[in-house]
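What follows is a pair of forms of the same protein chain, given separately as structure tokens and numbered structure 1 and structure 2.
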Structure 1
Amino acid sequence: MKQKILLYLTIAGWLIPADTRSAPASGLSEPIQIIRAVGSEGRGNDEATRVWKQLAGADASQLIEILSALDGANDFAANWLRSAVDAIAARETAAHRALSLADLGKFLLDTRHEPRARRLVFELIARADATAAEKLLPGMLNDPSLELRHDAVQKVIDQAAQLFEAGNKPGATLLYQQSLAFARDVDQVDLVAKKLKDLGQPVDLPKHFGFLTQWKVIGPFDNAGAKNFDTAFPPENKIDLAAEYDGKSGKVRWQDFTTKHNYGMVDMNQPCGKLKGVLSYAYTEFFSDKAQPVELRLGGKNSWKVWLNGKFLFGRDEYHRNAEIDQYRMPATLQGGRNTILVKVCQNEQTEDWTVEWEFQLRVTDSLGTPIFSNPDATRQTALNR
């Protein structure tokens, strides 16, 4: 335990004595402001190093002020602030002084605070009173902190497994269904889906994740030498679903394609053929009940670009890296009613077996990964509301 405490305290080259308690700092606003100004490539690190000791040596009564500074902090500043919180907590533990659970609890339950800060507070509470922390979890199933939500969902999953082992399959089914409703972690969703399938309650994974499965596809166009990532073929300039264009090996037209893949993979090899040195486009329409901020979340191994309502969002000119769900998250704003989504998917000329994939998956979610579903009636409703 002593070594662990020393590890917490050995940060940025300083060791705060575990048997002393620093006098309350006269004010933390200036050091907090300096640390929050830290940025990439070492920007502000020298100044942060100078003031970090003041934060780490602050009185425990000032812990909430430091935690609150995590709200809106960038990743670099957050690392400095979290290390200061850890140092204060470790010092108090070494001196056998308890942190104020009432203050920590108030901070934790205020969901307006930075999710990472709230997760850190939960860990502090758990160290001080594991039973109390455990009892907080059921109220966090719908928490905006994905880490806290993960723990809350896992508790329900574990309870469902216990009921199953006890022979209570109806009860286990109910709890697995509850956990699935709140789970945002892919591994948890996969696990629960398998359990529910074994219990005779198969899960429609494409629907659960909200993958877009209905597309119009056109191609292939030429991508010899992987040189046409930035070449604008006709679909990038105008969507005309009745048009015919010159493709790599002849005329190409838009064709309907529906993916039945459990994780919404749109496999361009199916409508276009297993080809190399090519690119294709996939187009779909998404109907939103209202104008709203969303994330377009894409996964795939190939080079790609995405447009929303004709506006370029993001692209990645890289081939055959590992793919995973929600690999790329693109903040965007849907307009009320009809929205258009265009995806350009490129394939290079590598011939190894593991380069055959020419595919992508895409879904529309909120910032927590909760799927937002297309509603074809939205256009009519939007028109009525104008």
Structure 2
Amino acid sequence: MKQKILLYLTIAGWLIPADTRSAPASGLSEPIQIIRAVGSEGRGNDEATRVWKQLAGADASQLIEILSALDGANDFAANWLRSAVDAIAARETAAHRALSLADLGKFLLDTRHEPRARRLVFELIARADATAAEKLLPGMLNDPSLELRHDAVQKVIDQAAQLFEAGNKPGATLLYQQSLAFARDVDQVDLVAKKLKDLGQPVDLPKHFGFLTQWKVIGPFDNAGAKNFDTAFPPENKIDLAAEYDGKSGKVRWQDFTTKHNYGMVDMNQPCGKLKGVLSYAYTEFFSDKAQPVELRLGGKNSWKVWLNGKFLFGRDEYHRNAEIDQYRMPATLQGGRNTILVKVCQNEQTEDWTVEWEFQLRVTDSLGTPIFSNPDATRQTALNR
């Protein structure tokens, strides 16, 4: 009988939508732990399903605990946790109960918290007090949350446009320059660069983005039928800049190549000729002041592979679909001093006029997209530090 009552209570619990149910405050450490344990290929989903309603039904006073659990959570767990936050916030809104802005504000202003969680909190605050949220934005120009930073930068861009419309070109120039310093999204950088160019203040875009522009290149090697993506030609086994190899149509050797492209495109058609069914390699060295985590960010519409210090990072076997800056983000660790970067870039045999490109662009950044520049003095400095 007791079991039957429990069963009925459980079923009744299932029937009540999460948005209308509020559980008494209880320990969330176990459900949070279970949810943070979810992993790839659906691992842990069954357990997470079981406890998610416990989180979504938590008291509003426990919201910060759930938000804090996003710190360091993997991306799968993050989605489980944020949807619980959504459910709690919606339930409280429906019940006309205000969330604690003091708690939310404290969480938002602590930039050690997960950037996306802070953005979520910002939106919760904005729903309750749009004016306060608006006033917080200017302080977020250098925020670790890309979305908060984007909105703060946009505010400055809008103000610059207003000054320009009012005929205040020096003021507009200053604000555009300020926004450029903090912008990380390419659309904003492009817009501001265009405005500054119109104002007589052209931006050195390759430098601003930190594209790697100085390369050694070698090729062409054969890629007939686009079949040699996984074939290791000599540069993949050893970098010998004095070596000469058999290429697709004769001997090939390393040659210097510097790109002057605004977006750092390394166009293999220039050193190798407009060829089809070929591949080539580009090599450069990057000097880092210290060992540090970075991202190698590559854009391009040809198949490619990248090695850092001889270690394969990632590759993509796709031709002529689309390209954009930072299309592929590869987390990596630089060693202090000299690092080697090798890129394999392949061209297929499509004949349409939009398949001429045989190129890539690459830069080294932090996780926000702030460029990290090579420092040739780093080798000497690293040696001294030893």
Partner chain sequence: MNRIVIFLAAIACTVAPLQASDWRQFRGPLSNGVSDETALPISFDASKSIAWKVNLPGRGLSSPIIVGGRVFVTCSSGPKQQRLHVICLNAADGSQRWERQFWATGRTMCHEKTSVAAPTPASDGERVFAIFSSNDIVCLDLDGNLVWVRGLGRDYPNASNSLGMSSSLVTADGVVIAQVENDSESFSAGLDALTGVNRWKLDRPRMANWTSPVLLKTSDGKQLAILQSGKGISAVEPATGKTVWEYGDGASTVPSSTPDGARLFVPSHGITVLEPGASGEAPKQLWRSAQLRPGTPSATILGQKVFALNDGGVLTCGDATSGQRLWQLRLKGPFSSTPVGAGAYLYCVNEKGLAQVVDTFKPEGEIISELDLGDTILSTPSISGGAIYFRSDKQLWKVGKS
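Counting starts at 1 with the first residue of structure 1 and goes up one by one along its sequence. What we label the rigid core is the largest C-alpha set whose atoms superpose within 1.5 Å from one form to the other. Because the structure is predicted, anything quoted here is derived from the model rather than measured.
Taken from the structure described as the form predicted together with its partner chain is structure 2, whereas structure 1 is drawn from elsewhere.
Relative to the superposed rigid core, Ala323 undergoes a CA displacement smaller than 2 Å between structure 1 and structure 2. For Ala133, a C-alpha deviation below 2 angstroms is recorded between structure 1 and structure 2 after rigid-core alignment. Asp46 shows a C-alpha shift of 2 Å or greater between structure 1 and structure 2 [criterion: core-superposed Cα displacement of 2 Å]. After superposing on the rigid core, the C-alpha of Gly57 is displaced by 3.9 Å between structure 1 and structure 2. Lined up on the core, Ala77 has its CA atom moved by 4.1 Å between structure 1 and structure 2.
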